[in-house]
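Only one chain is included here, represented as structure tokens and corresponding to the form predicted on its own.
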């Protein structure tokens, strides 16, 4: 079967650096950290981590109230990022209404903040009299995708993967496949998540949250570093507009990159511990999907959450497939871990750097862990032309995903 080629023509981002794809890219390339002390965590008993990478105050009124009233924070992030992606692509909204444009946007869970607010009110007297009719639309697992489709009047397929840290990467991969197989012509793809103290608590309870840098938050997380101590939670949304190549060319779109391969596979050996062999196999399958050998890859954007188990397993997996010749970096040191949004935000940032002929480095990588030292770690912005990159995201629950992306034209 002849597969259709799929390109990226628009990118939108709401990140801890603020609203906009350019702010995301500039934040990464100028070596800034968006991690700060988070006073909202002070009141949670037993919580050791006191830091986060939060989305700055934004103007949600850019979204009409009739749509905004059914949105949680994460849906607002996704909608603003989706609007930017369409604007960036110079795509008329009317072109998205023929059923050939779809949405695939996921989150880790529905809005935790809304759920908390509901139960605080409900448990006071077990009454539903004060419950707003729009509450349910904040907490559905597919709230972000549905809210974006409603606000942007997109009428094609709608899908909402929920695979924790792999969500954004999976969303782009599934969108790529829908276009490649001719089921849709355009897909708005990515992930979104909002911040809630319980997300931090989840990692703290598992002894996977950063706890030693509360007084110096910009020094953590520290992917691949000897002194790393865990995850810093973040919020945001990254949305990419994917299009079939010939349609994009016919309308004169500015093509930012081409997606050429995708793979996702489940590691059933352990729900929590990463497996290097499964990670290697996932990257190998993505390259096979692209019809390419590992030798063609110029850069790997690692998941690298700054946990000991995750970093070491991924370093082993990358080395197994690519050896020491491929530059590797992670963006968690700049903006923490935005969960379901991490894959799409990081891929957006990597495309922005690639367009500038640069590889953004791993922030806070000062003393490379000997167990990760077998890789070519990028520690300063590196001038180079990246023609082919691999983007990894590996999630709790054994969900592995990798995307292969090519510079256009290459």
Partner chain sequence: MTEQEVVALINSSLAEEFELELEDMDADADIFDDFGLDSLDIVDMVIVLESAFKFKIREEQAIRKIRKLGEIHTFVLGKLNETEQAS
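Residue numbers count along the first chain shown, from 1. Just so we're clear, the structure is a prediction, and the values are computed from it rather than from any experiment.
Keep in mind that the form predicted together with its partner chain is missing from the display, and what follows is about it.
S.K.: Using heavy atoms only and a 4.5 Å cut-off, determine which of 134, 266, 309, 216 is in contact with its partner chain in the model of the complex.
M.R.: Of the listed residues, the single hit is 134.
S.K.: Quick one: find which of 26 to 34, 58 to 66, 370 to 378, 346 to 354 has residues within 4.5 Å of its partner chain in the model of the complex by heavy atom distance.
M.R.: Selected range: 58 to 66.
S.K.: Using a 4.5 Å heavy atom cut-off, state whether residue 295 contacts its partner chain in the model of the complex.
M.R.: Judged by the heavy-atom cut-off of 4.5 Å, residue 295 is well away from its partner chain in the model of the complex.
S.K.: Quick one: does residue 128 come within 4.5 Å of its partner chain in the model of the complex, counting heavy atoms only?
M.R.: Yes.
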